[in-house]
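One chain is shown next in C-alpha cells, namely the form predicted alone.
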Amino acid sequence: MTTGTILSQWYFHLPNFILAALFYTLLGRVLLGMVIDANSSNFIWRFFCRLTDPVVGLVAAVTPRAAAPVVVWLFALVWLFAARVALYFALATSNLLPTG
C-alpha cells in the first residue's frame, strides 16, 4: 500500500486510527487503574485520563451513577469497539472500504 493510497482513503483510516487509539488508551487506563491510585500524579496515568475523559464522560452520561468507574470504562471500551465495527460495516455497505 502506498502513501498516496492511504491519503486517498483517509475517510476510513483516520476515524479508524482515532477509535483504535482511544480504545487501546482506555484499555491501558483500565489495566493501570487496577494498580494505581485514581489521584496519582503518574504521567502515564494523567495522559490516559486526559485522552479518554471525553469518551468516559459521554458513556457516564448514559450509565447509571451507581456503577463503579471501572464499569463505566469497560462500557466505554464496548462502545468504542462497536463504533469501529459500525464504521467498518457502514463503509463496507457503501463499497468504500479500502482495497489491497
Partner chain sequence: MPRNAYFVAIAFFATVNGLFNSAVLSFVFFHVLLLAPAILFGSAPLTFMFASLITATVTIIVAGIPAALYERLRGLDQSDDVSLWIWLAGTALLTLPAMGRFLTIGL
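This one's a predicted model, so the numbers in the text were calculated from it and none came from an experiment. Residue numbers count along the first chain shown, from 1.
What follows is about the form predicted in complex with its partner chain, which we do not show.
Although the partner is absent here, residue 50 is not a contact residue: none of its heavy atoms lies within 4.5 angstroms of its partner chain in the predicted bound form. Contact check for residue 18: no non-hydrogen atom falls within 4.5 Å of its partner chain in the predicted bound form. Although the partner is absent here, residue 14 is not a contact residue: none of its heavy atoms lies within 4.5 angstroms of its partner chain in the predicted bound form. For the chain shown alone, residue 64 is a contact residue for its partner chain in the predicted bound form, at least one non-hydrogen atom being within 4.5 angstroms.
Along 73-91, a non-hydrogen atom within 4.5 Å of its partner chain in the predicted bound form is carried by 75, 78, 79, 81, 84, 85, 88, 89, in order along the sequence.
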